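Presented as structure tokens, the chain that follows is alone, the form predicted alone.
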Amino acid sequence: MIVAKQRIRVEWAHCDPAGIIFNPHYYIWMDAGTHALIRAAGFEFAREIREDKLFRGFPLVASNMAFKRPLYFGDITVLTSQVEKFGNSSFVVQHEFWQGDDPQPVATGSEVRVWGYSDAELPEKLVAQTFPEELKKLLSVDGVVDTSP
């Protein structure tokens, strides 16, 4: 599976007054990791959402995190994101946060997402549709893509 990798600097705005990362930032970064992964596979989310008025993206339906040790102001972490498995309309993305040469990630998490569209008859209703086979193939290619800004 393709892996999206990005370096993230822990800034003061990510931390509590003691300089320890405030954990919700991991969830924000996991979301960014998923979007970077989809983009690395060649899917232009912004273009697709503009061109297909019913396409709603890949909404999050479940997530979890396990924290091994904290990150601090000034630390650099490397986030890796990759699809763990595909369902019919869903997919699971595994995220790991690494620091330096530490052989263990500082945190791990996963997200379950669905391929979402608005219902043509009831636009306010979100409907999961079959995950695109072409994108599944692109995400299944082995390789690492550095998506750091």
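Numbers follow the displayed sequence, beginning with 1. Keep in mind it's a predicted model, so treat the numbers as computed, not measured.
The form predicted in complex with another copy of the chain exists for this protein as well; it is not shown, and the discussion that follows is about that form.
*Although another copy of the chain is absent from this view, report whether Ala120 comes within 4.5 Å of it in the predicted complex, heavy atoms only.*
Residue-level check for Ala120: no, no contact with another copy of the chain.
*asked:* Under a 4.5 Å heavy atom criterion, is Pro149 part of the interface with another copy of the chain in the predicted complex?
replied: Looking in the predicted complex, residue contacts with another copy of the chain include Pro149, since a heavy atom lies within 4.5 Å.
*Hey, in the predicted complex, is Asn64 touching another copy of the chain, heavy atoms inside 4.5 Å?*
Yes, Asn64 sits close enough to another copy of the chain in the predicted complex that at least one of its heavy atoms falls within 4.5 Å.
*Any of the heavy atoms of Arg9 lying within 4.5 Å of another copy of the chain in the predicted complex?*
Judged by the heavy-atom cut-off of 4.5 Å, Arg9 is in contact with another copy of the chain in the predicted complex.
_Contacts with another copy of the chain in the predicted complex - residues in 98-125 whose heavy atoms fall within 4.5 Å_ = Residue within 4.5 Å: Glu124, and no other.
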